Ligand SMILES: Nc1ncnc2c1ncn2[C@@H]1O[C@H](COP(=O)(O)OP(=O)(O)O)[C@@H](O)[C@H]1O
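The chain that follows stands alone, in the form predicted alone, written as structure tokens.
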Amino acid sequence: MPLGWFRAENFRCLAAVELELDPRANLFVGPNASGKTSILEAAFFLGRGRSFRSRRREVLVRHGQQEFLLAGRSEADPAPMTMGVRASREQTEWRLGGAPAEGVADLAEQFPAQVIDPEVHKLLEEGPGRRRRFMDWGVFHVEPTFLSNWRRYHQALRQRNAALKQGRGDEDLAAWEQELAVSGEELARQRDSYLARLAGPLGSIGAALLDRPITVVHGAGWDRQSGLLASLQEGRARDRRYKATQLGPHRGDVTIQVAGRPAKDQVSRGQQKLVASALMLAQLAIQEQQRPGRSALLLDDPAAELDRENLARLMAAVQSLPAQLWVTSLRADIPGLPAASRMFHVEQGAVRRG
């Protein structure tokens, strides 16, 4: 199982919360604004190094405090592993197995948390940045060289963009274009490979949730018939006008389709939630194939935007996956939730076992 024990101190409204978790399902019940979502947000931060609700670090620190502390113990094979993060508004310290960790990537391998919340439909509605993050999170778990290659690409991208802003000549741009092209082509290849692997579970989960196939189409961010190096060279004049590199994987996107047509143009808000949830669940299924017994699904208010039939479909799909569940709800009766769930009552940032 991913986490058998979890602690959060001074995170949002949570002064000090300590949980002994069920290996299969954990239900957090309480009124609105009680702190239920903050528990899921804290767990997500432990595994992903960011919030799924806000980009502003300062709002995560409890009012009147200087920092927050999160800690957990993974019970996955081969041996239990402790992990933790101490974060202030200015800096973050990661720890794994009692020793300093290089960064959040080390913790993400131990606790790959996925979240489905009431804002999950934004995966379809918002710009490509959110979909790139979704795609790259999946690639990270299946491609051992992805992170180093991603860093190479973005380092070269920063250098070329700096040269563009400074008005440097073609020779200075060319110095970074070869590295940008090599790492960028590899990054696109890794994304292609991952999305091809995602197609299987996405097809079956999509059929279960919508009775229609869900597919994804990868747009690499440049004309791949020309090659990235040639595209960068041909685009220098335009890049000089914008003072930034306009082509490459950092401009890539994923078109999400239902029955062969763009999903956002043909489905309702509730169906958008099902489409986005299918993508999250398919991604989680691959994570479990890759490293069994580590993944967690954080399911925040699953009934939001869904009627009873579609909620039952979602919960059936959720229950079919072996991941540990963290579920929040106003009520304890959620159709399809495993009967052996451990229940916690949450009120005003305090948690008690139910």
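Given the structure is predicted, the values throughout are model-derived calculations rather than measurements. Residues carry their position along the shown sequence, with the first being 1.
Omitted here: the form predicted in complex with the ligand. The next part is about that form.
For the candidate spot formed by Q190, L195 and T255, no residue has a non-hydrogen atom within 4.5 angstroms of the ligand in the predicted bound form.
This chain is displayed without the ligand, yet in the predicted bound form the stretch 37 to 45 from 37 to 45, 288 to 296, 302 to 310, 316 to 324 comes within 4.5 Å of it by heavy atoms. Within 4.5 Å of any heavy atom of the ligand in the predicted bound form lies no heavy atom of L69.
Of the heavy atoms in N32, some are within 4.5 Å of the ligand in the predicted bound form.
Using a 4.5 angstroms limit between non-hydrogen atoms, C13 touches the ligand in the predicted bound form.
With a 4.5 Å cutoff on heavy atoms, R55 does not count as touching the ligand in the predicted bound form; it lies far away.
Although the ligand is not shown here, in the predicted bound form the stretch 53 to 68 places heavy atoms of R53, V59, L60, V61, R62, H63 within 4.5 Å of it, in sequence order.
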